[in-house]
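A single chain comes next, written as structure tokens; it is the form predicted on its own.
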């Protein structure tokens, strides 16, 4: 048994999509989530910048005595996870490996599309992970530089739909039957993605597989919380706590979540 909380990090509010799945899958586990909204989006930064910013969030979570860390951010997983895995003892779980496994299992025609931030797409991490699981799968990749920030600004359906159409348009003729939402912000506007690609295309939210993988790791390593220890959930941001709570609440279906502001630069 291990009563320490699970740590999660993201560049912004998108990580709430993973937090939600973790709470559903592991209701007895406490969580601590930090979103680095002051520095988002990560997807347009250099790899070195992403590594340094992610390291700051990791240091914050380690100070909270977490038992493992989930990179609830595709960009951080692609750009920073290999480096930071060498720097800390706690296990790090990323979203790309989980999302790739789900995509490989979902596709029927061996054609998968991935929409993500420029850093994630340029790393080709999804393509490599998907083809590692099935070399016969053709992977179409498309970068959407502005979507994460747009989602954080909470625009209306029509504005989101137009942005998604512009992002997906370059690959719409590639006959894929599976679309991976390669940024944890994107599930908040999953309906817009579905309306653009059509009902015959399966949408993969990597958060589902992340939750299952986390459960498996914790079972293997005997990391479950004791049954008599009630779960607590703490939320932090480097940005505007009020706005973070508002958007995060829409992910979780809870308008009463409490968020604290934190400065990670001096850790």
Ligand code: DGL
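Residue numbers count along the first chain shown, from 1. The model shown is predicted, which means the values in this text are computed figures rather than measured ones.
The next section is about a form of this same protein that is not shown, the form predicted in complex with the ligand.
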Heavy atoms within 4.5 Å of the ligand in the predicted bound form: does residue 180 have any?
no
Check your understanding: Can residue 148 be called a contact residue for the ligand in the predicted bound form at 4.5 Å between heavy atoms?
Key -> yes
Although the ligand is absent from this view, report whether residue 33 comes within 4.5 Å of it in the predicted bound form, heavy atoms only. no
#### Entry: the ligand contact in the predicted bound form: residue 42, any heavy atom under 4.5 Å
yes
Only one of 171-179, 83-91, 68-76, 154-162 has residues with a heavy atom within 4.5 Å of the ligand in the predicted bound form, and that stretch is 68-76
